[in-house]
Ligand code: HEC
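A lone chain, given as structure tokens: the form predicted on its own.
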């Protein structure tokens, strides 16, 4: 088929698919760069040793590290405040963050805001319009930053643990609200996008401007404001702990058994807590403290969620099970508009799953059952209007095959 022979709606869907592919690829690349550099500097900060060379101490070096990588030797040094004389060139670690947020926002816009009726609105959750769903999504990103920034200002001199408990409670409250307004998939993604916006906001509004003020003060021959360092340290510390929760939210759309649960907000809350405990273990490990109770607690939480979400066994019915011929009309009406060699609602069958012949339905029986019955994740956004009775019919057919 020639590209320009595609009908209008199909062409739009095809272009969105390409946009999604390229933006997801870009987002993955720049995200690796940002999170990788973040993990490296946290490890570096925790691995520095006080210098033994009197000349380094005299220069104001507070810590150094010798490392070997790629056939070369490296000697990073960290100054207590800043060197007496600034070099002509300084590398600013900022575009890793900015490009991650910009590509992520473009990806969310392409997948969710431009297709809100499919990906964000779930009539079984809340009777809202696509425009309202988009407004809720955008409001979550902006409101999440405002609340976080206010908490940082109010609690900058209080313990990080207190801040963490309050902010975690806020994130859980947002997750609860979103899972009662948006589709589960969109809710999880927007919790992650809110946290990611907060992380980039820290870099854009506080960390980089503070570092620039320090450099400008030194160039004028003035003492830097110590609050700039305190704020930057606070925000960087938070970003470190938020990385693993963000990564889970970003991949959650592939695992419908998490966001389709009736208490999906609690599922997310427990998994995010486990992610923070795992990150805390590695932060302590970098400092030479091995505290196995933290990963053990995280594993226990994840295991508990796995048991909680395990599907309950179905009671077999004594009635005759539907045959393939009985359920094929349901598949043709509810599934093949997307899952066919020539789909009418998609430019190509998602995941390459084809259900347009009896043989293909039989070959994908387990997948049909998992996605349409166990998880109720398909049809996506229930775009074709499958009913609970039709899902039950598919279940009875599949379970009859197993006898």
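Numbering follows the first chain given and starts at 1. Just so it is clear, the model here is predicted, and its values are computed rather than measured.
The same protein also has a form predicted in complex with the named molecule, omitted here; what follows describes it.
- Proximity to the named molecule in the predicted complex, defined as a heavy atom within 4.5 Å, holds among 30, 346, 340, 42 only for 346.
- Note on contacts: among 65, 353, 26, 363, the single residue with a heavy atom within 4.5 Å of the named molecule in the predicted complex is 353.
- In summary, the region of this chain contacting the named molecule in the predicted complex, judged by heavy atoms within 4.5 Å and restricted to 66 to 74, 32 to 40, 353 to 361, 53 to 61, corresponds to 353 to 361.
- Contact here is defined as any heavy atom lying within 4.5 Å of the named molecule in the predicted complex, and by that definition not a single one of 97, 100 and 235 is a contact residue.
- At the 4.5 Å threshold, heavy atoms of residue 22 stay clear of the named molecule in the predicted complex, well away from it.
- In the predicted complex, the named molecule sits within 4.5 Å of a heavy atom belonging to residue 119.
- Taking the partner from the other structure, the named molecule in the predicted complex has a heavy atom within 4.5 Å of a heavy atom of residue 386.
- The named molecule in the predicted complex is not approached by residue 395, whose heavy atoms all lie more than 4.5 angstroms from it.
- If you take 200 to 223 and check each residue for a heavy atom within 4.5 Å of the named molecule in the predicted complex, you get nothing at all.
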